[in-house]
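Before any questions on binding or motion, here is one chain by itself as structure tokens, the form predicted alone.
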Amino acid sequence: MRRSGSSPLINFKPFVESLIAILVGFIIGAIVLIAFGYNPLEAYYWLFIGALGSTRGIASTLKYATPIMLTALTFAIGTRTGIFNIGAEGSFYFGAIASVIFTNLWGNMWFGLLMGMLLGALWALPAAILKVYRGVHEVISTIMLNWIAWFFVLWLIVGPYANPNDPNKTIRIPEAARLPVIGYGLSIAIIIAVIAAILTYFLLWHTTMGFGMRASGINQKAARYGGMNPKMAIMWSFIIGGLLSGLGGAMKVMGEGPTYAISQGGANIYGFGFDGIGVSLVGRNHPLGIILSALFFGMMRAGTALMQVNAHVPLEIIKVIQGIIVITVAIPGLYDLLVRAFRGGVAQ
């Protein structure tokens, strides 16, 4: 039970731990830069200028943050329910291709987003059913389903929905179904993603369903004794996660000009589900923390170009620095996740 007067929002320990981890990550990154003969102050200066030093840079940061914010929510909901759901990638693919298919059937923006969410949730169902009714571990099932989704969507990209006038991408999202653009390539997708994160927080901490999901994640036996249904909690975790990742995939295509299509080979939709795992860990698997974490990841991505051009740091070294910082920042969240999993396993 929570002590009187406490609040899930007023907990400065995770925030302080994350700040310390970020600082340590940047220090280790600086050591690597010095070891390779580069000036870390100059490199970090251009990293922050590229990400936050202009309206275009801020727009790029927010654009990069949007899809990973939603896939991170998928992973976070899973961890709060006691599962390790890494199936956001597959649902993201289906959300993306659904936006292409259904907006071309009926050129409506909201219909495209709705169908992206629906197909994302439907693709999450097999793993949920296997977990709940057959005891199949979700890591195995979601990895396999991710690959099935990837190759099936690739077939749709190069086959039925290839653009006959441009072999480099699928058919385009109709103009009437594209997300309104705020500026510099940034669409209202960022606003929708933030709203989704806030609603996810409200669901988990301010509804009976959310309480049941979190209780099941802490101890299934205790939750069952308290009159909750852990199996339904897991089912809802997969479904809601699929809805969010499917929404992310749809918005990635519907809000990304000037192509408004999926590239041949699917390069512009690949990897966002896996990146979301890191975003969730850095955000301590909390929906509100994920908003800030996604912005941090977006900043790291958006500042790469100026860091490479003006500080003359090779892209390979930049990737190493980014990896070091992300791993360091993710350690506290990963530690909490492992502790929770161990305690849950012992309790059950």
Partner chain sequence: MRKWLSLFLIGLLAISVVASGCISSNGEKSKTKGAIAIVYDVGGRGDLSFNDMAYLGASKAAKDFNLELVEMQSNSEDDYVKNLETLASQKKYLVIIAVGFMMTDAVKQVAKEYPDQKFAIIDGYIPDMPNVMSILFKENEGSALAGALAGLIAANDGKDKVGIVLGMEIPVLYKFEAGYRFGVKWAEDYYKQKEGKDVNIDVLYQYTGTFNDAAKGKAAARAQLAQGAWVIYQVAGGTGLGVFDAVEEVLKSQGKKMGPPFAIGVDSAQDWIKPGVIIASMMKRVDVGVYTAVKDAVEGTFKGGIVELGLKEGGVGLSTVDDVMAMFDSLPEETQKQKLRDLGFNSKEELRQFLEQTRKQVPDWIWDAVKELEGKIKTGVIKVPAPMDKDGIEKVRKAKTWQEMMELAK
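These numbers were taken from a predicted model, which means no experiment stands behind them. Residue numbers count along the first chain shown, from 1.
Only in words, not in the display: the form predicted together with the partner chain, which the text now covers.
At a distance threshold of 4.5 angstroms between non-hydrogen atoms, Gln264 is in contact with the partner chain in the model of the complex. Contact between Ala305 and the partner chain in the model of the complex is found at the 4.5 Å heavy atom cutoff. With a 4.5 Å cutoff on heavy atoms, Asn108 does not count as touching the partner chain in the model of the complex; it lies far away. Using a 4.5 angstroms limit between non-hydrogen atoms, Arg301 touches the partner chain in the model of the complex.
Heavy atoms within 4.5 Å of the partner chain in the model of the complex are found in exactly one of 69 to 77, 108 to 116, 266 to 274, 235 to 243, that being 266 to 274. Contact annotation for 41 to 72: residues with any non-hydrogen atom within 4.5 angstroms of the partner chain in the model of the complex are Leu41, Glu42, Gly50, Arg56, Gly57, Ser60, Tyr64, listed in sequence order.
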